[in-house]
Ligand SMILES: Cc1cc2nc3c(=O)[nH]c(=O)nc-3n(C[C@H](O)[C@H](O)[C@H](O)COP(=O)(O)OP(=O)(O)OC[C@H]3O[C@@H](n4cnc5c(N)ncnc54)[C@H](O)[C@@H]3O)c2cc1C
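Consider the single chain below, provided in structure tokens and representing the form predicted alone.
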Amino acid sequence: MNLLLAPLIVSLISSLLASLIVIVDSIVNNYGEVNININNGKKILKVKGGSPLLFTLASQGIFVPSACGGKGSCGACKVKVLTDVGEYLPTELPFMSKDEIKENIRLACQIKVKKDLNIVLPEKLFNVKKYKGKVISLKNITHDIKEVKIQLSDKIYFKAGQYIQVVIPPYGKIKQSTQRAYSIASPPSKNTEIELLVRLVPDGIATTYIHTILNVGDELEIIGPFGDFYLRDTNAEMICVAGGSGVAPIKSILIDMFEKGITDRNVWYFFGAQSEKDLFYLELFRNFEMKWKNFRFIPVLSKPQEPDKWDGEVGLVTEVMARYLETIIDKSLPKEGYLCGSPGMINACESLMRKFGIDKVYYDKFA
């Protein structure tokens, strides 16, 4: 009889403890209504305390960029906090420079709204909106990259090169919605439709959903636009480097330039890939070469599977770019760098460009 009662007693005690924890948490962490003062009174929000600042602002229609969806792994959601909110968390410090710490820049996803706050936000974030969209096209353009086209219910105004955040709904074992950042691959002229390039990341919450669950006709929410990666209004030569899904913002910028007739600038686009199966949109870029006399397209393969059949550039994209900068590209003309890809690729390219005197380097660094 005791053996039968033991599990029931344990279960009852566990239930009581769980209920007690919920009650204590609701009492201890009940911060009530708090005020968030933005930009010295430009906006004052009355909100319920207890949630991270990132999500609290989003609930009020103010969207701070976050490439990781608030997981504290991208460092994008930086906000200047004028109120003392305690010491920096270990999750914040890797993303902060000494100057940012002096300015009390914090990660919005790591700060809980526990009391009245004074914060400073860039004015442009007030123009960021949430859009409803419907998937109108899904296409595999390589073995691991999917092209996604989304029809929006409202017009979106963005600069070529910027990005949006896709809201991924709960699915399978994923119990909460999350957000991930993706660069817009289409030009601003298509302001009711956006195109994304999504590379499949093993076990990635968003990429798994998009590659294996998302279907044409499904609805998605997006938030944006965000980002400072866009074409600068100068006459400098453009040295562009991107491969894989990093092609997206470069594609948007190039199409936008071509549509607007900004074809007097010299543009060198180095497309880095491992093998021919990783190359795509070749017809588009070759067509630019034929119609845009100042545009040069240089695909570079680091590991061509059949070297005898590949007659293009072989090696690391940084090695090929260095050779072009040294022997082919006119050294006397001012230059700007436009990079998109992994932190390692961007760091290597930026370091190399600076060796060649290219001080203005703009990039979209994947988290």
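Being a predicted model, the structure only gives us computed values, none of them experimental. In this text, residue numbers run from 1 along the sequence as written.
Beyond the structure shown, there is the form predicted in complex with this ligand, which is absent from this document and is the topic of what follows.
Only one of 148-156, 256-264, 284-292, 200-208 places residue heavy atoms within 4.5 angstroms of this ligand in the predicted bound form, namely 200-208. The three marked residues, Y163, R180 and D364, each reach this ligand in the predicted bound form, with a heavy atom inside 4.5 Å. Residue A248 is the only one of I222, A248, V79, C240 with a heavy atom lying within 4.5 Å of this ligand in the predicted bound form. A67 is the sole member of A67, V317, A58, L339 with a non-hydrogen atom within 4.5 Å of this ligand in the predicted bound form. The closest non-hydrogen atom of K112 lies beyond 4.5 Å of this ligand in the predicted bound form. The closest non-hydrogen atom of K130 lies beyond 4.5 Å of this ligand in the predicted bound form. Not displayed here, this ligand is kept clear of K134 by more than 4.5 Å at the level of heavy atoms in the predicted bound form. With a 4.5 Å cutoff on heavy atoms, K71 counts as touching this ligand in the predicted bound form.
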